[in-house]
Each structure stands twice: as structure tokens, then as C-alpha cells.
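Listed next as C-alpha cells is one chain, alone, in the form predicted on its own.
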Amino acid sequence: MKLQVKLAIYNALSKGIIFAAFGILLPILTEQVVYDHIDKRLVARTDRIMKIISRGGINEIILEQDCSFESYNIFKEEFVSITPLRNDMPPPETQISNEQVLVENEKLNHRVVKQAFVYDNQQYMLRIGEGLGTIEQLNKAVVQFSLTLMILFIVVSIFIDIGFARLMLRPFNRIVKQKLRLPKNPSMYVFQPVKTSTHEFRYLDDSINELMRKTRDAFLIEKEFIANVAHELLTPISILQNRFENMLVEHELSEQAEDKVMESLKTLKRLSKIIKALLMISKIENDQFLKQDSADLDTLIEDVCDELEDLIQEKQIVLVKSMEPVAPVTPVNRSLLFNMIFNLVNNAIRYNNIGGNIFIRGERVPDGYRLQIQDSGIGMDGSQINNIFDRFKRFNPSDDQGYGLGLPIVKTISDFHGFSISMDSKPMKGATVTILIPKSSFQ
């Protein structure tokens, strides 16, 4: 999950908790405020009625025959009642409370103030009530409104928070895009700082630049060392080869001496191939090859198969080629592509069984074009596949033809052209090499 989404969810949850607490407390606070307001009105009405009684006597209020009085408004929300009390009982204290009042056989919740008074040596109880139905409706309305407002605010805040987080993380995304998605060659790394006002992002950018500066220097030293060593070794190897060849031609040697000279020539030839392979890798990594050609994959594979025809017939291998038509690949270096496919097909032949099969398939896929070379040979296990493209990794010690550089060269050429390469294999079930050529490589 992205950081900006996590931040938005965290903010939404925190605001939701605050709103939930507010939604729970709001009805209570509202009820208390309304009760205080009603209580003040009830006390004021009580004072007015007591003044009326004190000025004009209780006769100012119409009493029933039993010396009681009750009056309700048309909505049954307010009432005033006066009832006589026994004189032998102490008068109760004035109080305000909630009561259920029976009005026309219907129980209604009221807020009631009770106050006792004495008139003409008779105790009376004055009760003034105000209905609570509106308060209950108000509380429900407040809860519904608070819940709706809370949900709306949370939804809006999520979008606002995501937008703000995206804006805040924009320098970080630029750092990831420009600095962490590294170029294939560290020497092409761009050290331009990313503009940001956030201290942590600036520190991250500076740290990555410093790390890449050290990596680039080490990479350049390594490439320069390999190139220099390769050049320096080719000259003495060439001299030794000429001398051994001259010894075979110009000197009469014993059969045992000739065998030793021939073995020495094989060793020098093998060493020369290794050095040339290293030199090729170094040149490719240093961008010393041009990409100005266009290559038709079907034709390129035909040329490779024609060159390896003798080896294919020698091992009685059945080669099946199935290629979907596709536009030429460009811009490329055709000789390097030929070398890449040659190494792959050559490996498929070399590590195959007598009378085995090789399938070369090409098909268009949404990401571009997928080229697969599959054999029915000895294969390899998972631990070997993890290091298959590393230099000087040989997985068949009995094979004196390989030097552990064929597949690293293939990987270097693939990276040079922006292709992706992978291998899938199981012991004794063959191997499949897959090359994905992106859409951008076609005309």
C-alpha cells in the first residue's frame, strides 16, 4: 500500500474517531442545554402564576369542584395543574424532573416543575410541565445530521489528504524515478539534486548521490582494469602462439614435444577467447558499440541456424521454428544481436541430448515481442539458475568448451539493447530462455 494512501487512511480514521466521540457527546450536550432552557421557562411561568395568585387570589384561576385545576394546550405539550394537599403533611420542596403524564389515555414525557404553596390555610401543589417530544426528535435529528456530516467530511478529507500527500511526496517520487530506478550504466547517473523543501527528502537525495558517486568510481575502475588487462594480455598471447606455431613448422620435434606444443596452443587459444569475451563485455558496458542498424528477427535466426547447421546435424537435433511476423527491431547493433542469439542456440545444441529437440518461438505480447529458445537437454536446478548470468560460472565441469562467459555476454547484449532476459529450467527436462523485446524497439 502506498504511503499517501496510508496517510489518508490514518487521517480519516483519526477524524472518524473524533467525529464519533463528538456524535456521542453532542446529543447529551444538546439535551442538557435544552433542559436548562426549559427549566428556566418553567421557573419563569411558575413565578408568574404565583404572582397572579398573590395579587388576585386563587380565584383568579378557575378551580374545579374538587378544588383542582388542569389546563393543556392543544398540542398536549404544555400543561398547568393545581391540586390540593393534605394540611397535616409537610410541604414538599420545589423540584424539577422528567415525568410521564397521562393525557387523554396517552402517556407523554414531560419536564415538570413542582412547587407547593399555601392559600387560605390550604396547601396546594402547582405543577407546570412542558413536553419532551420535540427534544427527542431534536436529538434524533442531531444524531442523524452528525452522522451524515461525519461521513461526508471523512470522504472529502480522504480525497483532500490523498491530494496533499501526493503533493508532499512529489519530491520523493522524483527521487525514486531519477535516482533509484538506476540507469544500466552507473557512469550515466545524473547527480542533479531534486528540488524539495523537506529536509528528510533532501537528506535522502544527498545520500543516494554520494552512494552512487562511490559506485560509479568503483565501476569505472573495474571496467578500465578489465579493458587494460585484456589489451595487455592479448599481445603476449599472440607472440606465444606465433612462437609455438613456428616451432612446429621450423623445428623437428619429437612426437612427445609436438603433443606438448599442441596442448600449449590449445591453452593459449582458450585464453585468447576468454580475454576477447571479457573485452567485448567491457566494450558493450562502455557503450563503445553503435546502435544504428535494423534487424529482422526471423532472418537473423535463419542466419544463426544456417551457421550452426553442421553442429545440429552432428547431434541429430530436430529444430522447430515458429515466428509470428513482426516489424524489424531498431535501432540495434546487428552483429551483437547475432552474437546473442548464436550463443543461446549454440548452448541449446551443446547441452542437448542426441536426437533432442530445439524450439524457437516468437510471438507478439502486450508488452512487445517475446522470443523463446527451448531445448530438451540436461537442464539445471534452481540454485544454478540464480547465477546463470554471472561471469565465470560453469555448471558442467566436464564441458571443456565453455568458460562461463557465454550467457554473461548474452545478458550484457540484452541489457545494452533494453531487452529483458530470463531462464526457466529443470534437471533433465531442458531449459527455456525468454527474451522480451519492448514495443519501443520496433518501427
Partner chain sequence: MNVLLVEDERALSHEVESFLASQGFNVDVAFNGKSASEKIYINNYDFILLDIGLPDYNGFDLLKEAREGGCDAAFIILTARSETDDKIHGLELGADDYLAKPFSLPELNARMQAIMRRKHGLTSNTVDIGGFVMDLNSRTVRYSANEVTLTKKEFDLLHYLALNRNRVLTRMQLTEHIWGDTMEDDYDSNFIDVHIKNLRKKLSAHGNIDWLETVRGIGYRLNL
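Because the structure is predicted, anything quoted here is derived from the model rather than measured. Numbering follows the first chain given and starts at 1.
The same protein also exists as the form predicted in complex with its partner chain; that form is not shown, yet it is the one meant from here on.
Residues of just one listed stretch (165 to 173, 206 to 214, 145 to 153, 249 to 257) have heavy atoms within 4.5 Å of its partner chain in the predicted complex: 249 to 257. Of the residues Lys321, Lys107, Arg243, Lys177, just one reaches its partner chain in the predicted complex with a heavy atom at 4.5 Å or closer; this is Arg243. Of the residues given (Ala227, Leu300, Ile158, Leu126), Ala227 alone sits with a heavy atom within 4.5 Å of its partner chain in the predicted complex.
No member of the trio Gln374, Ser414 and Lys439 reaches its partner chain in the predicted complex with any non-hydrogen atom inside 4.5 Å. Residue contact check for Leu42: none of its heavy atoms lie within 4.5 Å of its partner chain in the predicted complex.
By the criterion of a heavy atom within 4.5 Å, Arg361 is excluded from the residues contacting its partner chain in the predicted complex. Although the partner is absent here, Phe191 is not a contact residue: none of its heavy atoms lies within 4.5 angstroms of its partner chain in the predicted complex. In the predicted complex, Ala218 stays away from its partner chain, with no heavy atom inside 4.5 Å.
Shown without its partner, the chain has Glu307, Leu308, Asp310, Leu311, Glu314 in segment 296 to 329 as residues with a non-hydrogen atom within 4.5 angstroms of its partner chain in the predicted complex.
Put simply, Lys223 and Thr412 spread apart in the predicted complex: their C-alpha atoms are 3 Å or more farther than in the form shown. Cα of Lys223 to Cα of Leu290: at least 3 Å shorter in the predicted complex than in the shown structure.
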